[in-house]
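Here we start with a single chain on its own, the form predicted alone, put down as structure tokens.
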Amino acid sequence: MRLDWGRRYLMCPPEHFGVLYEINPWMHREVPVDLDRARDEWERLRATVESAGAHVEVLDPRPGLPDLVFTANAGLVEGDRFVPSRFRHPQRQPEVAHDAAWFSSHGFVITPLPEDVHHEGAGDALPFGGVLLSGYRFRSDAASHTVLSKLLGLPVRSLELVDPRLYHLDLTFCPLDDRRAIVAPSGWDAYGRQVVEALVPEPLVLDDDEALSFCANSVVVGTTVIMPVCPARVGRLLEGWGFEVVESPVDEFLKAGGGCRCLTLALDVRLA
């Protein structure tokens, strides 16, 4: 069975995007962003997502919030509930009020996390097999997982992220359907690998180079898999499983450590 979510997404135009600070290994302030190229890449990604059969809603950009474009980090959606992120880095904390206001105005019930935990939304949590897989260490706290389980009423399985280049779960894990997922085990500790091995019947296991291409940071719409770049082996395996792979380059956003999924937030996720 295909994923029962991923037909409605939230995106934010890159009008104020730039690498203005450094909070992951990919970010270097001395590397300029070509804003015109970023706009073109964003528009192409939006068009590709829509062509695959999904609807895209738009969050207004705001000056001074360059990473607002990475809507996957805004929070977690569960039905008509929205759990806003609590960002560890102060540079991103002003995004929260803007994100929450959009969701409130669109009929979502806002369910905040306690002030003493950090969690970065769908960037560090993805549903699979009736549970929520959630990463921790670089951006999210392990303690947030117990809180999320109580708030959302479903099991949360913790994965410790061990490679700072793969600082979010969505750089290492991509659900494809109810049995398959793209996985990058090099990004997790030994226990995390065991968790995923037990949960995913048919994993597409990436090697280190493939993982660092951000191909796990894909947007899946039905049988279409949209990724920044597709390594040849990965493409062959996906096509053998009946998926169509579409490359949507996002080179300007990779300068900030974000790929295709980072630029989208699924609005139709129902976890419980």
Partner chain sequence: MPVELVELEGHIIDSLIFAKVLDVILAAGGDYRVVDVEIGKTNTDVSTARLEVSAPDDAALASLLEALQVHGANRVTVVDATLEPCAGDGVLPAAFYSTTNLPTQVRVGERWVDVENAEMDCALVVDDDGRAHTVPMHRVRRGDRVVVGGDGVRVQAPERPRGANPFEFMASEVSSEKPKGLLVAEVAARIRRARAGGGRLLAVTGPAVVHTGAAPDLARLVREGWVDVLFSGNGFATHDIESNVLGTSLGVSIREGVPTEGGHANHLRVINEVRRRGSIAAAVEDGFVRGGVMYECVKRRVPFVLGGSLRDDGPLPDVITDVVAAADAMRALVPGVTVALMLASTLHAIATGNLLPAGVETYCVDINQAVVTKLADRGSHQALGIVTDVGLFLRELAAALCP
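Residue numbers count along the first chain shown, from 1. If you're wondering where the values come from, they're calculated on a predicted model, not measured in any experiment.
Unshown form predicted in complex with its partner chain; subsequent notes refer to it.
Trainee: Pick from Ser104, Gln93, Ser149, Thr111: which has a non-hydrogen atom within 4.5 Å of its partner chain in the predicted complex?
Mentor: Looking at Ser104, Gln93, Ser149, Thr111 one by one, just Ser149 meets the 4.5 Å heavy-atom criterion.
Trainee: Ok, Leu176, Val156, Val200, Leu126: which has a heavy atom sitting within 4.5 Å of its partner chain in the predicted complex?
Mentor: Of the listed residues, the single hit is Val156.
Trainee: Would Val195 count as touching its partner chain in the predicted complex under a 4.5 Å heavy atom rule?
Mentor: Result yes; Val195 sits at the interface with its partner chain in the predicted complex.
Trainee: When the contact criterion is heavy atoms within 4.5 Å, does Phe87 count as touching its partner chain in the predicted complex?
Mentor: Although its partner chain is absent here, Phe87 would stay clear of it in the predicted complex, with no heavy atoms inside 4.5 Å.
Trainee: I'd like to check something about Glu160: if you look in the predicted complex, is any of its heavy atoms closer than or equal to 4.5 Å to a heavy atom of its partner chain?
Mentor: Yes - in the predicted complex, heavy atoms of Glu160 and its partner chain come within 4.5 Å of each other.
Trainee: Any chance Asp80 has a heavy atom within 4.5 Å of its partner chain in the predicted complex?
Mentor: Flag for Asp80 set to no.
Trainee: Would all three of Tyr136, Ala142 and Asp189 be in contact with its partner chain in the predicted complex, where contact means some heavy atom lies within 4.5 Å?
Mentor: Yes: each residue has a heavy atom within 4.5 Å of the partner.
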